[in-house]
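This document opens with one chain alone, in structure tokens, the form predicted on its own.
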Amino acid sequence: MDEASAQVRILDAAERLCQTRGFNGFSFRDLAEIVGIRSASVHYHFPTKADLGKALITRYRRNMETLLEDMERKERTASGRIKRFAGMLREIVRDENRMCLCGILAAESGAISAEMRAELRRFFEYCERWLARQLEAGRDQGEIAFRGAAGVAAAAMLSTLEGAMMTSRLFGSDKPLRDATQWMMAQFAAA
């Protein structure tokens, strides 16, 4: 296996483990076993677990940016884009009862590196800005209604969805997230 392929496989395995066990719930030895390499090879690609964590978050954020930009081009309505965003989160929960990578890492923010926390903030800031744009567009088009600043509404929306993911994970069902999404969309529906 070439180096680039090994690095991607390590990141893939680490992402899945982190989403199901948490960042402190797996070791480099666990990764090596899953990928089929020696633990020293994991350290070759990521000298420390903090290096691995930062790489995971950066990749996850970039993937999310790509997905949301693509969604913005393809989905005609702002409310449709927001529903599809929530649907992406439901798919994560449905797949092995996982959490949003950045959501689970935010819950562990006291036990991760400053560099990882900075990258997490970039993820959440991007998602909030994206949601705020959708809310503003929806309000401009008359399909979404809310009081106050779009940024504040977007932060509340993202917090609601991330929190509902945690509850969904606890109950082993996407129902809490589905219910929270339906309630939230009803609150933002134009009269």
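This structure is a prediction, so every number in the text was calculated from the model and none was measured. Numbers for residues come from their place in the sequence shown, where the first is 1.
The protein also exists as the form predicted together with a further copy of the same chain; that form is not presented, and the subsequent description refers to it.
Contact with a further copy of the same chain in the model of the complex holds for none of 55, 58 and 131, as no heavy atom of theirs lies within 4.5 Å. Of the residues 86, 106, 92, 71, just one reaches a further copy of the same chain in the model of the complex with a heavy atom at 4.5 Å or closer; this is 106. Comparing 29-37, 42-50, 59-67, 152-160 against a further copy of the same chain in the model of the complex, the single stretch with non-hydrogen atoms within 4.5 angstroms of it is 152-160. Although the partner is absent here, residue 12 lies well away from a further copy of the same chain in the model of the complex, with no heavy atom inside 4.5 Å. Among residues of the shown chain, residue 127 is not one whose heavy atoms approach a further copy of the same chain to within 4.5 Å in the model of the complex.
In the model of the complex, residue 164 approaches a further copy of the same chain with a heavy atom inside 4.5 Å. Looking at residue 21, you'd find a heavy atom of it within 4.5 angstroms of a further copy of the same chain in the model of the complex.
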